[in-house]
Structure formats: structure tokens, C-alpha cells
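Before any questions on binding or motion, here is one chain by itself as C-alpha cells, the form predicted on its own.
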């Protein structure tokens, strides 16, 4: 489980560190992908990415829709690992998509980690905090 919020500098080569407690759960490497519906980069441990892949393959959708979904999700994904200083390289297409410049906000999002630009995260955090109580109430809690 990943949680917390951490600002990190992105170096001139597009590398960003992740918190050490996150890296321990990502020893096998990570998969970077576009956030689903949000302008962020999702960072998945390899095992979680496999679970996501298996789950998508098991869904009852037409073959044409499954192909489109696979292209959207897997076509823009990248596999990477940590360097000796605990950094991962953010491929330019994903950095551009998320609008990440010289700072990335690293956010724990339960089963994955998300990387946000400062401005996008500020807006998303405000929106999420405003809607959180309504979402919890919809669960019947």
C-alpha cells in the first residue's frame, strides 16, 4: 500500500527519486503509464501491473473494444527500474502528458504511485478533498 505526498526535484535528465519506503515495494522494477482520466503518471510495481493486465483480459468486452483499451493503456506504458540513487527516468511523452517540469509531486494512491505537476496536483487535491466525504457517504459508511 502506498500513501503520502512528497515533492521531489526532477533533474535535467528527467529522473526523479521515489521515497525509500515506496522503492522497497518496487524492487522488481516499475511500469509507468498515463493516469486513467487524470493528467498524471501512474507508477505500478510489476506485480500490480500484471494483476491489472490480467483483470483487463478477463473483462467481458468485445474484442474490438479490448484492442482499443489495450492500445490506450499499454501503448503509452514504459518499463523501468531504479538507478543506484533511487531514481527512475520519466520518459518525455509521459512527462509532457502530465505537464511535469522541474518538480514532481509523488503521491501514494494505494496500489500504485502517481506523479503530478505542482499545478495539476493542487487542483486535483482540492477537488478530491471536497468530494471525499460525499464519496464515503455513497458507500453507506
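Positions refer to the first chain, counted from 1. Since the structure is predicted, the reported quantities are computational estimates derived from the model, not experimental observations.
One more form of this protein, predicted in complex with a further copy of the same chain, exists but is not displayed; see below.
J.: Counting only heavy atoms and a 4.5 Å cut-off, does a further copy of the same chain in the model of the complex sit next to every one of 8, 85 and 88?
T.: No, the candidate spot makes no contact with a further copy of the same chain.
J.: May I ask you to check whether residue 67 falls inside a 4.5 Å heavy atom distance of a further copy of the same chain in the model of the complex?
T.: The answer is yes: residue 67 has a heavy atom within 4.5 Å of a further copy of the same chain.
J.: Using 4.5 Å between non-hydrogen atoms, is residue 59 touching a further copy of the same chain in the model of the complex?
T.: It does: once a further copy of the same chain is placed as it appears in the model of the complex, residue 59 has a heavy atom within 4.5 Å of it.
J.: Residue 47 versus a further copy of the same chain, in the model of the complex: is there a non-hydrogen atom within 4.5 Å?
T.: Result no; residue 47 lies far from a further copy of the same chain in the model of the complex.
J.: Is there any non-hydrogen atom of residue 34 lying within 4.5 Å of a further copy of the same chain in the model of the complex?
T.: Within the cut-off, so yes.
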